[in-house]
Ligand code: NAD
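First comes one chain, alone, set out as structure tokens in the form predicted on its own.
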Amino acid sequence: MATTTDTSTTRGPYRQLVGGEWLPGSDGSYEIINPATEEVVAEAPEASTDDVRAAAAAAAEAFPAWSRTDPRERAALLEAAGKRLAERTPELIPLVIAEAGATSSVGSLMQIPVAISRFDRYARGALTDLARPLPPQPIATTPLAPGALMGGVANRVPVGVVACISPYNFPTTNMVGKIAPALAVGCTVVMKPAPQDPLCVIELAKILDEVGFPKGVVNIVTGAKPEVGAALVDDDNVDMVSFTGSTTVGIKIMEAGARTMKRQLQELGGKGACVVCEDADLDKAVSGIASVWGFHTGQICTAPTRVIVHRSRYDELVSRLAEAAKALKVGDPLEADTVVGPVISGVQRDRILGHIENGVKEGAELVVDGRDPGFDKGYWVGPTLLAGCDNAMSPVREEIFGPVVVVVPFDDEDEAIRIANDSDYGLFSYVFSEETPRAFELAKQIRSGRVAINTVQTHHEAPFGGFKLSGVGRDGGDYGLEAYTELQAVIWPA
């Protein structure tokens, strides 16, 4: 089967933004491949370590002046960026579909529009006073100083230069989620998008440059070689790393950043536990779980991929999930009725297939087999359902990052919680039960940064981040503003 995905979005040449100058990659360029067709979309710059050092130095040079700007100026620039991004949305959506393999629905609803809303949110956030007054405190005379009634404030100051490293699944949305709060509080940034799909993020950098962000405040370097990201993380001018991606890479970033005590915000892997109780509304549960297949082909760390269902509802749930999976169209991302598109690369496809095959070898039942959707080009895996699993199986324990759901039965609530928490991950989990007080108590026992009850919807003002190997730190809403600041106490005699 062939796909007809349009690759007319090809443009260029693409450049890096370093200290206000648009420059080619010093190490040449590399091809960006459309995951649906394996055709070249465009070429992206291949940065050298010298490019990275120059970008970090430019951000450090720009930081003192930018951090002292009137918050209203920062707010106006962020608002202007959101408006300009909205104007360019019709041309950018086809680009992100071509480079990321997103379907038309995901591309048009989630890739660019959410980025626009994040600019708007943090334009308002730039005007938020994050300082917290401290109550006066009487202090007795000591050998150090005479007694006084001491006042003070817990102040928030920008952390400095932030390396913003984004993943391939939502390249623009995720990057704006990093740079918008960082810029709002007065940080400068160096953007490093994922190597697979950096083009729309380069277009984003163009927008930020066009609307008037000062020289060096916003920089971007790109590259397929791991040395590019490693050089950025290691650079002495970088004060903080904001990274979204795999736990394996996150650990390396933590280790590299330890040398200079870099602040860290890391949103890493997930293996979302989805507890389905005996009283659950299966319409809600099946609809939510099916999002693993229908939302960017399971390439989302918050997906409810690990279903833990009460044994009394096990057969019915597995049967209904199988029906739902088979009804989802796998195909050309540009066709309006396509639900499941390609995964990002051949490497990722082969990795997903390996997890499925391991599960079968370990005794899982392959209820829905999506290993060969029948395309002659592109990187495809269809909806796949593994049932009869236990928590020792590798596809239950490891993040697959693809359209694969595993199902594990339980007999009582204590067992459900044990299974849910027997994981290296704890990012976003779920509880389905029509007795909401009970669901709330179960949610509080799950070791996860977020737990949703009877929905897979989100709350943009809630803190977001993970327990355990799912990361460190929190963003979202005002928590995102705080994430890019340091606490500074200022005290005085009242």
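A quick note: this is a predicted structure, and the numbers were derived from the prediction, not measured. From 1 onward, residues are counted along the sequence shown.
Quick note: we don't show the form predicted in complex with the named molecule, though the next part is all about it.
Counting any heavy atom within 4.5 Å as contact, can you tell me which stretch out of 408-416, 166-174, 361-369, 388-396 lines the named molecule in the predicted complex? One stretch meets the cut-off, namely 166-174.
Tell me, which of 265, 187, 180, 253 has a heavy atom within 4.5 angstroms of the named molecule in the predicted complex? Answer to the contact question: 253.
Consider the chain as shown here, without its partner, and state which of 74, 121, 192, 296 has a heavy atom within 4.5 Å of the named molecule in the predicted complex. Among 74, 121, 192, 296, a heavy atom within 4.5 Å of the named molecule in the predicted complex occurs only for 192.
Since only the chain is shown here, I'm wondering whether residue 382 would be in contact with the named molecule in the predicted complex (any heavy atom pair within 4.5 Å). Residue 382: no contact with the named molecule in the predicted complex.
Contact test in the predicted complex: residue 147 vs the named molecule, heavy atoms, 4.5 Å: Looking in the predicted complex, residue contacts with the named molecule do not include residue 147, since no heavy atom lies within 4.5 Å.
Residue 207 within 4.5 Å of the named molecule in the predicted complex, heavy atoms: Heavy-atom contact with the named molecule at 4.5 Å: absent for residue 207.
is_contact(residue 213, the named molecule) in the predicted complex, heavy atom dist at most 4.5 Å: Residue 213: no, not in contact with the named molecule in the predicted complex.
Heavy atom within 4.5 Å of the named molecule in the predicted complex - qualifying residues of 203-235: Sequence-ordered list: 226, 229, 230, 233.
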